[in-house]
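The chain below stands alone, shown as structure tokens; this is the form predicted on its own.
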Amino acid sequence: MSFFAIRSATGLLAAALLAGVATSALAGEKAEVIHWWTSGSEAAAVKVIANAYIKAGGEWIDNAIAGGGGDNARSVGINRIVGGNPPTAMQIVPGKQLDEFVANGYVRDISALAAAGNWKAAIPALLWDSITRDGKVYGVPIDLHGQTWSWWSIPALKKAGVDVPKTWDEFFPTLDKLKAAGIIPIAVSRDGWTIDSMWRFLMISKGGTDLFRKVYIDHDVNAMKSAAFRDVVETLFKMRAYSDPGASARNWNDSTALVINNTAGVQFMGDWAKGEFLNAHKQPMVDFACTPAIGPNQGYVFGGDMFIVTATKDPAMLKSQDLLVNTMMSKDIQVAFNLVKGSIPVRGDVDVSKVDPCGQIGLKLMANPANQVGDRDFYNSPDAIGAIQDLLATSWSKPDTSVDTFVAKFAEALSRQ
């Protein structure tokens, strides 16, 4: 996602309550929360937090801003802060995105709340590092999202007479069978960040954790020129032929719906897509299959969502922020929210027995630190990520893009740190 697209906040500053969520009858702590969760499953997940906040005595004011993979919401939040009318809290992505908020004094230090809640012992070390700066805690991590999953329609596969491919030798023949059966092989969406989801699936699944880390953490140009990297690029380019003309007009969740409705065979998307399946009352491994990799490579690229509470000296806002932070990080809400969202809890000290089979795969992979790979946001600037997504979107739409050109432009984009 590119995080520098600034949109006018006109018309967005008036907050709307979530549908079905009543305002607290008492004048409790009031929290206006800016976020970008607008699909069906996302709205249902937000409602879990909102209802818990209201039950705790607060008043939830929902400000959901769609579009841009989060760009628009972030831009509005920054404009609000700079304009002297900050929201109580706003959603961002863990990693370098936090730097500008801390550097500009936009975000409140919540170290005392984190210490009281025993966060450091409860969350993965890499995630802890992503929410802290100079020993102080500034972020509230709400979920752990596996970023590189594939979601397969089991009825579509059965119609084509194939199974989920277990090797890369089986991958394109499987797509060919889906296509021959009149099924869209790959459900693709219009935005660059969704192409990036496919790309990172290939990076971790074909290239493995070693290549992923060399590229995104070490920024190793030689790794980007390697045969393994070029193989990933060639595979992505070959996948173009298995999309459909309607992709350019679809949002990510519209593409998920194609798989849910068995019109498409597979979508490559983070595990928030699973929330759409669950919201449609589909059962994992019955109606749809999930896998974070094809082939022998084992790695789990994880990111997630977090919130920051804005810097303030207003006692009323401080109280509302305290209540909001404690609500989001409570053990019960961590479980309840993530069951709906499709992600897994950030806290390792909660009961995960109710997590679905796909989530259990993620939990098992995350249990081994060797498999844990922080997503590119952890190590790269928003500018670099945005440039890569622009490159991916352009290269996907232009079949004449050469591998050499892609490699050169990828290295150039990743240098923007």
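Keep in mind that what you see is a predicted model, and the values were worked out from it rather than measured. Position 1 is the first residue in the sequence shown; the rest follow in order.
One more form of this protein should be noted, the form predicted together with a small molecule, which is absent from this view; the next part is about it.
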Answer key, the small molecule contact in the predicted bound form at 4.5 Å (heavy atoms) among Pro292, Gly304, Gly275, Pro87: the residue is Gly304
In the predicted bound form, the residue from Phe268, Phe229, Trp252, Phe101 with a non-hydrogen atom within 4.5 Å of the small molecule is Trp252
### Message
For the three residues Lys96, His219 and Phe378, which mark the spot I'm curious about, does each lie within 4.5 Å of the small molecule in the predicted bound form through at least one heavy atom?
### Response
no
| Even though the small molecule is not shown here, does Trp152 get within 4.5 Å of it in the predicted bound form, heavy atoms only? | no
The small molecule contact at Ser205 in the predicted bound form, heavy atom, 4.5 Å: no
message = Since only the chain is shown here, I'm wondering whether Arg347 would be in contact with the small molecule in the predicted bound form (any heavy atom pair within 4.5 Å).
response = no
Should Phe172 be classed as touching the small molecule in the predicted bound form when contacts are defined as heavy atoms within 4.5 Å?
no
The stretch from 350-358, 365-373, 51-59, 37-45 that lies within 4.5 Å of the small molecule in the predicted bound form, judged by heavy atoms, is 37-45
